[in-house]
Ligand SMILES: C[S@@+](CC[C@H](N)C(=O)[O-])C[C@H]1O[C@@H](n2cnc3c(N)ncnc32)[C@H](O)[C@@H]1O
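Next comes just one chain, in structure tokens: the form predicted alone.
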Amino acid sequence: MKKKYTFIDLFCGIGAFRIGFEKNNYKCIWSSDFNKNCQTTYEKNFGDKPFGDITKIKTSEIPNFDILTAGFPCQPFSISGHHKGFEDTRGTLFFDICRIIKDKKPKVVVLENVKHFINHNKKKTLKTVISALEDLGYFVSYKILNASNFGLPQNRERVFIIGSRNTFFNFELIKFRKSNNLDYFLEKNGKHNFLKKNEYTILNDKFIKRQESGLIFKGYRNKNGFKKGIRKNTKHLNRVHRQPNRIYSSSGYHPTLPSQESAGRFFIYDEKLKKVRKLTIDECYKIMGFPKNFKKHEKSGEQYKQIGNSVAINVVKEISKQILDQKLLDDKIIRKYDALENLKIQRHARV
């Protein structure tokens, strides 16, 4: 019988990391999230209530584990530019991740953040995170991954930072799987919220094309929006530039589901019905990889916020599989400390 490796789920949200890792037979033994509504949803699905404030956690109260996962917030770092690694993280929530890593020494660390984290504060934040993990004894690699390359019809790019006490995680070995178009994921029957024809404008066919991202911009809602300062005959530009007013074709992918859109204003042009409608909440969860039986929060606003804050499960599932395949959890540690010290010297060139 294969060993079941353990992990803890920090900033766990509603459990996307947990679902992705459990699909590859890992066992979650501890979780934490400050948000009360996320705690409610998480407990409803997994039977465990996450610990609250990470800054109040005593590492002695956390059981030993093999992997640490964290979709940590991009909290501002007070960086002086000295790149002191672990010491530079003080005063941030990331420091508490480092504090746990320092005491528990997991074999692998998996972190996730928004795409623009890489360039935050002229890349100083990323350099601090990498140097902190290296100071704690990890080989660190990172890459931006898009959910659309993992069988989900959403242009959702996120950076994954992986540290291993064994050797580098090789992102080049990840197996990609292009997604079917949004049409494939839509509910055939259901209570759909359609717009009336006078509430939207569809572009002429000659202006419609599939973008490199997989998105097909189809038109916009006829919302007035801001009027002051708009030039004559450019009202449509005002409508188009506001994300909640944009309409995308179901023959392509959907843009990133944002956490700020608690009203769920995600409009698509259903190519089969030839009508404009909102994505249903079930469709939103489906294009993030959540199972059909996932229990959602009772409030619709929370449902939309929670899914927008979540992680694409298919991406996490592949990463967790690669951790096994690349033998990063083997007990035999093959790295040499002098090699790691040399990496620290070269970190600025790599970032």
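Numbers follow the displayed sequence, beginning with 1. The model shown is predicted, which means the values in this text are computed figures rather than measured ones.
This protein has a second form, the form predicted in complex with this ligand, left out of what is shown; the following refers to that one.
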Check for me whether this ligand, as it appears in the predicted complex, comes within 4.5 angstroms of all of F11, G15 and D33 - heavy atoms only. yes
Partner-free chain; cross-checking this ligand in the predicted complex, the single residue of V311, L68, C284, I323 with a heavy atom within 4.5 Å is V311
Between L186, L126, L93, L257, only one gets a heavy atom within 4.5 angstroms of this ligand in the predicted complex; which residue is that? L93
So in the predicted complex, does E298 come within 4.5 Å of this ligand, heavy atom to heavy atom? no
4.5 angstroms heavy atom contact with this ligand in the predicted complex for G137: no
Taking heavy atoms and a 4.5 Å cut-off, does G52 contact this ligand in the predicted complex? yes
4.5 angstroms heavy atom contact with this ligand in the predicted complex for C38: yes
